[in-house]
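Single chain ahead, by itself, as structure tokens, in the form predicted alone.
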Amino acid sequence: MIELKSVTKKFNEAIALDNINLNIETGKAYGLLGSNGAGKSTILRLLSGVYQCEKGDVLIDGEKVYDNPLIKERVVFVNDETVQFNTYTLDELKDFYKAFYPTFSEERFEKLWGILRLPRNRRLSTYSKGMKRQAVLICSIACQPKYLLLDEAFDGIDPTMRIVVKKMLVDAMLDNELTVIISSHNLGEIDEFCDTVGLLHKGKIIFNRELDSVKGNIHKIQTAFDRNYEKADFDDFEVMHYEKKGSVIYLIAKGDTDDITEKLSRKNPKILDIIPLSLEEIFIYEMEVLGYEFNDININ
């Protein structure tokens, strides 16, 4: 279990995290979304013990993380930058990680290397960005941590290799009850991989839900009637967004699909279609209800 309890982090006078509360269960794939400066990387650095918060508690398995070597042995943080490893070969990088993690598995490393076949005797400075990311990831997974923190995990990795890397992560989660936390700008990556997602904006968490419950609870409805209906006529279920184009009405509604469909059917619609929503669309309408402008958050 990961817990952030009333956590505030400042850099000089700038507030990076503002009274954050967050729980992440063991064995989950959790996505942190937000624009640059929202606080995603700060949370990962607090969880890995790189930063210390000014207020609140950062706990892993019930213990404070900062200055706690035994807890840090359970956590691997993969930074979005790999330049610090440019002078290493892959084998030297492996030995670097092995020195800090007693749970490091040579067998697992060799198995992962056998999938990717990265050059072992070349300096990482000669690798592409995606190859560097893969090198650090296989070393991190071979550490067999309980918690793997990935900052922009798939950045620079080509689409085909992303599928391979994601399978590696899923296998590690199944084998070791690994908890993976991914920060990303990419809604598609989070949608494909994560169980739960949190949206950060200006140091605050404004959205924290299980993706299945989000997708199953918000619906886009296309409908039309013989008579003229306005938004107020749909007050028997929760309407997040109402739009009318000609005779067709588009509703974004929250609740049970069967219940909403039954209530709309009583109005004898000429057409009634439920249209799947993308994760981006769901977030847009959630932000609208909360009074935020989604474009200001700027997630791509």
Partner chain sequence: MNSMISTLTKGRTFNYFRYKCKSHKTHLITTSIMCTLTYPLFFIVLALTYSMDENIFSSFISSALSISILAMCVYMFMGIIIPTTTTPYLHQRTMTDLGFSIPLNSKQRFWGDYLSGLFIYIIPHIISIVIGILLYTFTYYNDTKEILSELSPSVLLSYMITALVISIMLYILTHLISVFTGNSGIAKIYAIIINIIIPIALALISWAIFTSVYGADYEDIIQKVITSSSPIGLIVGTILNMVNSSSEGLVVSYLFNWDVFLPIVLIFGCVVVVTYYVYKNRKAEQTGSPFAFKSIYNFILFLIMFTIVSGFATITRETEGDYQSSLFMSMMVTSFIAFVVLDVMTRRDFTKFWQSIIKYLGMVFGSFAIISVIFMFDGFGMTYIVPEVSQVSSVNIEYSSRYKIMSGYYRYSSSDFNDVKINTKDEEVIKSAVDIHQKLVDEYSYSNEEERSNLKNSYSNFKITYKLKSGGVITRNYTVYEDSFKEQLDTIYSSKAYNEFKANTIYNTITKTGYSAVKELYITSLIGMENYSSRMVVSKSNYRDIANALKLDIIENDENPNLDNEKIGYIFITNSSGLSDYIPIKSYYANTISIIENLGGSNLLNKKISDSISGKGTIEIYDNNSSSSVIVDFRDISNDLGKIIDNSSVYYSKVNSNRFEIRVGDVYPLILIPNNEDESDLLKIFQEYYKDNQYYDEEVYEDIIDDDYYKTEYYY
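Positions refer to the first chain, counted from 1. These numbers were taken from a predicted model, which means no experiment stands behind them.
Keep in mind that the form predicted together with the partner chain is missing from the display, and what follows is about it.
Look at 109 to 117, 176 to 184, 75 to 83, 224 to 232: in the predicted complex, residues with non-hydrogen atoms within 4.5 angstroms of the partner chain sit in 75 to 83. The partner chain in the predicted complex is approached by residue 95, whose closest heavy atom lies within 4.5 angstroms of it. A residue is said to contact a partner when one of its heavy atoms sits within 4.5 Å of a partner heavy atom; residue 99 meets this definition for the partner chain in the predicted complex. In the predicted complex, the partner chain lies farther than 4.5 Å from every heavy atom of residue 63. Within 4.5 Å of some heavy atom of the partner chain in the predicted complex lies at least one heavy atom of residue 70.
Checked against the partner chain in the predicted complex, the candidates 267, 45, 244, 241 yield a single residue with a heavy atom inside 4.5 Å, and that residue is 45. Proximity to the partner chain in the predicted complex, defined as a heavy atom within 4.5 Å, holds among 104, 88, 207, 127 only for 88. Shown here without the partner chain, the chain has 45, 48, 49, 50, 51, 54, 66 in 39 to 66 lying with a heavy atom within 4.5 Å of that partner in the predicted complex.
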